[in-house]
Structures are given as structure tokens and as C-alpha cells.
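Here's a solo chain for you in C-alpha cells, the form predicted on its own.
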Amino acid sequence: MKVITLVTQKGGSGKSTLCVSLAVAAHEAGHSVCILEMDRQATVTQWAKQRHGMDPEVAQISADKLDGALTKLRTVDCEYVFLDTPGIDSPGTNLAIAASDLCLVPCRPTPADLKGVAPTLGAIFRLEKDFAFVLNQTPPKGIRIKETAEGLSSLGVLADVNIVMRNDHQDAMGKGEGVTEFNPTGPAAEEIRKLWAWIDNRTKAIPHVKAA
């Protein structure tokens, strides 16, 4: 089982929206997937209620239940677990990072977001976890994208797919869908599929843990 944690201590980065669309893309690619939400805002939980039991399964948990939930998911041979974390520094966030195989750090192309990754990066380095930045909610083009990409690349690995700010993302969230379900042939869906393929390829070297 591989645990992918969406984490940043900068609010408004689009973690939850990115999390659900990546989880749906992974499910559509044939993987067994679960989302664990640790954010009290419950954005993912509200999204899931509109799906009426459709995969991927979503559970909202507290930090003290994380280890138990992951242990249970291993017994049912879940392939990918996505952890959606709150946009604040908390013991729960550190536990989520510690439990992860790969941390995804969404960052918008703004000076504030670029500066805001420092606390998250500090925790990831301290816990010696693999991570990658994802440029999220970007304009279609512009100098800020290049500048932010250069800044992030100097700090660590940057995914080679930018997620452009498109209406499809918010419209999909409003309907309880992933963007690849909402508009399968749209550019937003294409970007999410490419990002999932990049993530899947990066995690291939991580051994898959079979159920006992």
C-alpha cells in the first residue's frame, strides 16, 4: 500500500480539490483507492456525500485514529491511500507526513505561496520523506509560473505537470465528481491524468504491501 499525503501549511492552495481528482484518476486507472480526510473543514467528506457510495471510499479521521485506519486498509489490500491534511501546522499534519510514502506539496504561483512552503518543507526534511511540489491553480501562462517553478525546483522535485486554474475543478467539486468524471475530454482532466501518471511512475519503486 502506498500513502500519498497532500500537505502544505499555506491555506487556499487547493489541496482538497487536487486530492479528490487525483484519487478518482487513480481509481479510473484500475487501482483500489481510499481517501482519509484529516481536515476539520470536511471539504472531501462533503464531496463524498454527493457521490452516494461511489468509489473511492472516503473517511474523516482524527490524528489519533490514523495508524489504526492505515493498518485496517492494509488488510483489505488497498493500493493507494490519499491523505488530505489541514492547512495549518499541527501534530496531525506531522503524523500524516510521517505515515506517507510520497508527500505532494501544492503551491500556487505567488510569492506568498512560495514563501509559505518553508514550514512544510522543514517537517518533510526532518521526517526524511520523499516529496514533490505541484504547481497548482496556475494561469495558462505567465512569468510567475516560470519564476515559481524555478524557485520550487531549487528546493526539491517539481512535478512536470502544472494544474491550471479552470472552472471544471470547482464545478466538479460542486457535483461530487472528480474533474475526469465531470468533463473527461477537457484540458483540466488531461492535466490531472498526466499528473497521476507522473505520481504513479514515481511511486513504482515503492514495494506494494500485500494483505496478510
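These figures come from a predicted structure and were not determined experimentally. In case it trips you up, residue 1 is the first one in the sequence shown, and so on.
From this point on, the text means the form predicted in complex with a small molecule, which you will not see here.
Among the residues L152, V164, V58, L66, the one placing a heavy atom within 4.5 Å of the small molecule in the model of the complex is V164. For the small molecule in the model of the complex, the listed stretch (113 to 121, 132 to 140, 97 to 105, 75 to 83) containing residues with heavy atoms inside 4.5 Å is 132 to 140. Using a 4.5 angstroms limit between non-hydrogen atoms, Q170 touches the small molecule in the model of the complex. Contact annotation for R193: none of its heavy atoms lies within 4.5 Å of the small molecule in the model of the complex. Shown alone here, S21 lies farther than 4.5 Å from the small molecule in the model of the complex, counting heavy atoms only.
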